[in-house]
Structures are given as structure tokens and as C-alpha cells.
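Just the one chain here, the form predicted on its own, laid out as C-alpha cells.
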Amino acid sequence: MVGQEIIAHGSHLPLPLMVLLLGGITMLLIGLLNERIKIPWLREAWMVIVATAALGSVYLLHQQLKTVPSKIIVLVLWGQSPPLGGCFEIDTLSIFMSGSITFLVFLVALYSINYMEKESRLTEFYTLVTFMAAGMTGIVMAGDFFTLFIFWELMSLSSYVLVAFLKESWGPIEAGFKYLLMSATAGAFLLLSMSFLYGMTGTLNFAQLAASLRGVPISPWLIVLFSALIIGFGVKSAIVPLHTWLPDAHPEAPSPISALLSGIVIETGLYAMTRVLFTIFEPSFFKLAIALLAVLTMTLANVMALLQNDIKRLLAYSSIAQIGYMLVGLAAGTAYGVMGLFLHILNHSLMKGMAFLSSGSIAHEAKTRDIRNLRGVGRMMPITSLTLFIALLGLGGVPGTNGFISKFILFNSAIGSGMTWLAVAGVLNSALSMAYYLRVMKTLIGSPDEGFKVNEVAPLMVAVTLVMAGLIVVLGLWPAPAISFATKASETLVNGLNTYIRAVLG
């Protein structure tokens, strides 16, 4: 049978997840050792090693996946086969997402060496970052809702503390507590949806759910289930009107954490929602609702971003708007639209990750996040400002950047699905976003106030942002490899459902 050929039995975890979990536990031991024997950069070096090993293990898993005829690997937990037991399901989409996660974590780990060097509690910081990455990796490889929820909570608990990490002032504590309350409420809705699913089908395994529910007639219970899922996943994904935690959390968190939160954490929430919706429902069921949420999300976020003077708060609203663009691909309901969604997740992780890192460097040196007080910084920090400009142009969808490619695919997918109005709304909102991006760029290259002086940041911080800027341009001019990878990932989800069911259930 097909399932017997490709299922890997045993009570072991996927290699990238194992690396991150062991790396986080070991970080605690290294922190204790460093308190007794002061070794410079020990924790920082271990964080980079763990991130590198996680990225390398994703590559090894991808190579192993190529040898499997169905391109799906199922790891069974505790010796109990699905659908009764928990499992990890690894396909091209899982590899695509875990690669995006570990690559951004690797870059943030390098950047944090200099950015966080004057902070205390670094053992706690790096441990939480590692566990947050482990949570995201577990989510994208989960083969059932219960396993997904466990790692969802690991990701969430780590991110709550990281938002409030700079607890010397009240702002981070308030933002972290607001994030905690809203996410805990969303978690309750996820538990509610899991209860509905188990009551309807007797299982939480995604393959069994697809075999049982997909294509059944619409009923009031399915509508209630859909609503609970949208609320549960929508808070973490910052979909309007469930977004209110994000503009408070991202500015108050340390810039490396802002880069991770905005660059990949909220997209992991969007991945989970996309995976579950396509598993349980036909696209025709949710297309219109998601399209309306997309327009509401991108429009409100762009309008609010125009009103901001805090550069990190402006970028936070920009992240919400970008989620609105990604929802366009989900609303299209086609493999092409989902390909655009996941391609934009990859591109956005680079663009918004670098935007927060570059703006964090500027705020770190200028000691302010107020855009009005950053006049002339671009002349004093030319390289960092250049990388920020490239990120902003990419976020605005300017040709020559990777943001243009994925936005073009997203809006084109809406037209192909008969929703030209959604594509028009996306194009207009993308044009509107350039108003606040250009405002930031104009301020930074203006004439500085008399006596105002800042210096370029440490070479390693500059190097990280330069690498990300280079990738934004390269993927804008030569997008074929990323498009090919994203296409295979989307085909796995949208058109490979029968293969998926056979792989997991045999």
C-alpha cells in the first residue's frame, strides 16, 4: 500500500524540530555555565550554531523528501498510527515554511549579537527565541490539530514573554499582557473548533478530517466551526478586526523580536488557517468571507499607517496590510492564488524582517522612534538607510523587488477567480501604502537638525541587512526558483489532497 511505503514509524520528531528543542534546552545549561565561567559570546555563538543546524536539517529533510514517490513523509508518534495517534506530516509546503522560519531565525541570531549585547537576561532571550522557532516549526509539520495546538501554544508562550522582554518600562509589559489576553481568547476558540471537529468526525487528524468533511453540504454547524477557526487563527494572523494587539506589541518588543513577529510569526498563523481551511472546506465555502476580510484588513491598516509618527508602529500597521494582500490569494481559492500567498510569506519575511532590523538600528542609534526626529539620519547612516529604503520599496510592490512579483501573482489570481474588484482594491491599497513609505524615506534623507549626530551601527548588523537587501533585489529580478518552490508547495495543499489522505491513512 502507498501509506506503508512512505510512513516512517517510530516515536521520534522531525530533525529540524529536534534540533531546535534540544538547542533551547541546552541554551539553559550554557547560560548556567556562563554564569560560573565567563566565556565571551558563548550564548550568542550557540544560538547561531543552533539556527544554522536547524536550517541545515531542513535542507537534509528536503533532500530526503525528494526520494519519496508521493513527496510526503509521515512520522508517527508513540507507535500509534493515524488517525488515532498524533503524527507529523512533512511535505513540500512544510519544507517551504520551515525553511523560511529557520532562515529568518538565523539572520536574526546574527543581528542580535551586537544589538542585544548590553542587555541582561540573554540566556532567557536566546532560549525563548529558540523555543518560539521550535513552536513555529512544529506547527508547519503537524499532521493533526492536537499536535498543531501544542506547538501553537509553545510559539505563543515564548512570544508573550519576548514582547515584554524590556520590562524596565511599562510599555512592553502592557503590550505583552494585551497580546496574552487576546491570544488566550483565540486559543479558547481553537479549542472550541477542535471540540466541534471531534464531535463531528471522531478525530483531529487532518487527513481523516478531509476525508470526512470536505464537500459535505453547508450546515449551521459548519458555519459556526468556520467562524471559530477564523477567530482562533485570525488573532495571531492580525486580521482586522482582531489585530489590535499587534500595533502595541511590535513597537515595544526588541527589534530582533519585532522582525520575527512581523516577518514570520503572524504568517505562521496564516499558514495554519490556510492549511485547515483547505483541509476541511471547499474553497467556494470561504472565498467571499475571506475576500471581504482581505479588503477590510488592507484598507484599515494602510489608513492607520498614514497617521503614525512612530516608525515601528507604522511598520506594524504595514504588516497588517501585508496580511490583507496575502488573504487575496486565499480568497482566490486556487493553487495559483495559494502559490502567491506563500511566495509573499517568503518575500515578506525578508522585506519586513529587514525593515524592522534596519529601523531598529536607526532607533537604537538615534534613541528615538519618532519619524519627525529622524530627519537627516540617512546621511549619517547611509548603508542602513539604503537597506531600509529597499525594504520599503519592496513592501510597496515596486518593480525590481520581490514584493512586486508576489503582489502581481496575488492580484492576478483574484482576477482569474472572477474577483476583479478584489484585485482593484489590492492595487489601490498598494499604491496608498507608498504614501507613508515615501514619507519615511523623504524624512531620512532630509537636512539634519543642528547638533544632531548618529553613527553607523556595528558591521555585523549592517552585513545582515545588506544580505537581506540583496535577496530582495535578486528575488525581484530572478524569481524563478522561489516561484517554482512555492508552486510545488501550493500544489501539495490544493491539488494533492487525495495523495495526502492515502499517505497518512494508507
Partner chain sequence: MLPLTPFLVAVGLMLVIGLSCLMVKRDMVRLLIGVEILFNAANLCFIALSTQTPGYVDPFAHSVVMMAIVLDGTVIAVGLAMVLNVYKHYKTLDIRKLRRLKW
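Numbering follows the first chain given and starts at 1. Remember, it's a predicted structure, so these values are computed and weren't measured experimentally.
Below: the form predicted together with its partner chain, not depicted.
Undergrad: So in the predicted bound form, does any heavy atom of residue 219 sit within 4.5 Å of its partner chain?
TA: No - in the predicted bound form, heavy atoms of residue 219 and its partner chain never come within 4.5 Å of each other.
Undergrad: Taking its partner chain as it sits in the predicted bound form, is residue 397 near enough to touch it, meaning that at least one heavy atom pair lies within 4.5 angstroms?
TA: Output for residue 397 is no: heavy atoms all beyond 4.5 Å of its partner chain.
Undergrad: With a cut-off of 4.5 Å between heavy atoms, is residue 146 one of the residues that contacts its partner chain in the predicted bound form?
TA: Residue 146 belongs to the contact set for its partner chain.
Undergrad: Quick one: is residue 119 in contact with its partner chain in the predicted bound form, heavy atoms, 4.5 Å cut-off?
TA: Because no heavy atom of residue 119 falls inside 4.5 Å of its partner chain in the predicted bound form, the answer is no.
Undergrad: Exactly one residue in 393, 374, 204, 73 has a non-hydrogen atom within 4.5 Å of its partner chain in the predicted bound form; which is it?
TA: After the contact test, the surviving option is 204.
Undergrad: 427, 157, 366, 380: which sits within 4.5 Å of its partner chain in the predicted bound form by any heavy atom?
TA: The residue from 427, 157, 366, 380 that makes the contact is 157.
Undergrad: Could you tell me which of 404-412, 211-219, 312-320, 102-110 sits within 4.5 Å of its partner chain in the predicted bound form, going by non-hydrogen atoms?
TA: Contact criterion met by 312-320 only.
Undergrad: Taking its partner chain in the predicted bound form, which residues of 196-215 have any heavy atom within 4.5 Å of it?
TA: 196, 198, 199, 202, 204, in sequence order.
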